[in-house]
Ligand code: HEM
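As a starting point, one isolated chain is supplied in structure tokens, in the form predicted on its own.
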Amino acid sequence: MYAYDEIDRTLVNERVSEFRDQVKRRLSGELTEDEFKILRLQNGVYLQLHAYMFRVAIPYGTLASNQLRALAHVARKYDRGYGHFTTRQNIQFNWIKLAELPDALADLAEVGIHAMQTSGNNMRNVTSDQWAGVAPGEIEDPRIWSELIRQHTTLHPEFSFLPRKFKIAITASDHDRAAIKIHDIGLKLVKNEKGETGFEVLVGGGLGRTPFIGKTIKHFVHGRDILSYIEAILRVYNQYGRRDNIYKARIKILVHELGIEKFSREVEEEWQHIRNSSLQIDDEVIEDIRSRFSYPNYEKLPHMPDELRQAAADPDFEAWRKNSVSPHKVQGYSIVTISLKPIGAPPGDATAEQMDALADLADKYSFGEIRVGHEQNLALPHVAKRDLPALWKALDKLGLATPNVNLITDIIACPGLDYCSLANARSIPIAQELTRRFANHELANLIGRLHINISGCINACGHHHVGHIGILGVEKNGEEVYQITIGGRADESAALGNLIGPGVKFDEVADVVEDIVEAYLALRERPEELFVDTVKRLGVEPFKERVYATR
């Protein structure tokens, strides 16, 4: 966990006071909705279909148990009893009243949570691997660098009014759980030949109307220079990024139009002006940030405790353990992923009661710490293996032990037309129906790792472009129509999916997905060949033939 200092606490509290005054003026009519819009967006407040939506940041996806209880409190007191975890380590409340928003923000500020820059054309929440600090083999904890960048860019006057929103993600592992290649800047921690820590820097990734996979702009930037290099990128983007056309304003369009070589030269020239400035990070600063992160005092524990050996006789426990429990860098401990994708429920939602209970379980079994992942699931990062059977029983009572992590029912979906004012089509009902179709865990395990992503419009908040199966809802002649892509992925081998054919109607989507899955089971070379690898080997044609042969 990161401990805020007095400067952080003052900043968060002052922000609450400012926003309270802005809301007061809006409610009195002193500010019009147009005048209020830019102010509320700076505090994570959108005006959606039914109500204001409040988006709260969870920096680098790390929560303390008291912070999760505060989120549960907001869900219970100010919303309708639940929150929705997003793909960028935020939580959204969909039914909040404007008059009560300052009080909700003040309650969150008491535990160091804020909503600054969770919307608007500025630097958004800096995200990271949800297994940061505990993943075996990672270079080092990437959250230290996320925090450095967060501090430098929050309310930075030069980057508060960018051409469009700007997103950074960081990973320190070979397996990319932070989806860095679909971010405006993706950072991967690496070591150079001298053993020094630095970053491979990618730029120009992003989804939406015009999707691109990020390109490497520099293979190694030393850690001490990362702020100046990021600032050089942002300065070039701020100078040349288009402000006349919202659809061409993201940095991915600029990188594409200039070409990565020319964009790189522009950044390099800018960087040479500032790299030896005050932006260079002293070792003392890095160590100060590092010292503010606290880590558990792990016990010396056996690799295979008796409790785990005995519980292995229970097939339900074993199914959950094999699916949801991952290796930890410390012997005797595990990382537990908690699926927020129960059969028939909206993906990514958690009730206030579940959040409260999970906070209690985090205190009891995970040193009071919870993580939020890009896949809209949660994790307990420090669970002793001896405690896994007891934890599983407790999670099962809460409806949080569905063993479907990374399987076909572990669906990423945006809120879609049920909530979002930008959406053209429903996402949540599609996800719910698919989880019912593939509710049989034996079937889901037979299919293996398969990610479905659903977006209710071209803005792609459900990341459909990078789903193994991607589903995009659009409006056509007054009807919801869904385009299906296959072969996308968001990991270290990130790729955009390919369209398999004409769009289909709402009530045909689940049938089409079933056809695609049946084709995969028939076409794969062996059970271990993943869906996405079969698509890569064969292309879309065999799947297209299967889907459209009878339509």
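Here the structure is a predicted model, which is why all the values come from computation and not from measurement. Note that residue numbering begins at 1 and tracks the sequence as displayed.
This protein has a second form, the form predicted in complex with ligand HEM, left out of what is shown; the following refers to that one.
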| property | result |
| --- | --- |
| Pose source in the model of the complex; superposed partner ligand HEM; site open or blocked by backbone or C-beta within 2.4 Å | open |
| Arg88, Lys165 and Leu207 each touching ligand HEM in the model of the complex (heavy atom, 4.5 Å) | yes |
| Ligand HEM: the contacting residue among Arg250, Arg371, His468, Lys181 in the model of the complex [heavy atom, 4.5 Å] | Arg250 |
| Single option in Val474, Ala319, Ile286, Leu422 placed near ligand HEM in the model of the complex, where near means a heavy atom within 4.5 Å | Leu422 |
| Interface stretch in the model of the complex with ligand HEM - options 455 to 463, 73 to 81, 290 to 298, 105 to 113, non-hydrogen atom within 4.5 Å | 455 to 463 |
| Interface membership of Pro142, ligand HEM in the model of the complex, 4.5 Å heavy atom rule | no |
| Partner contact for Met53 in the model of the complex: ligand HEM, 4.5 angstroms, heavy atom | yes |
| Residue contact check: Gln48 to ligand HEM in the model of the complex, 4.5 Å heavy atom | yes |
| 4.5 angstroms heavy atom contact with ligand HEM in the model of the complex for Gln92 | yes |
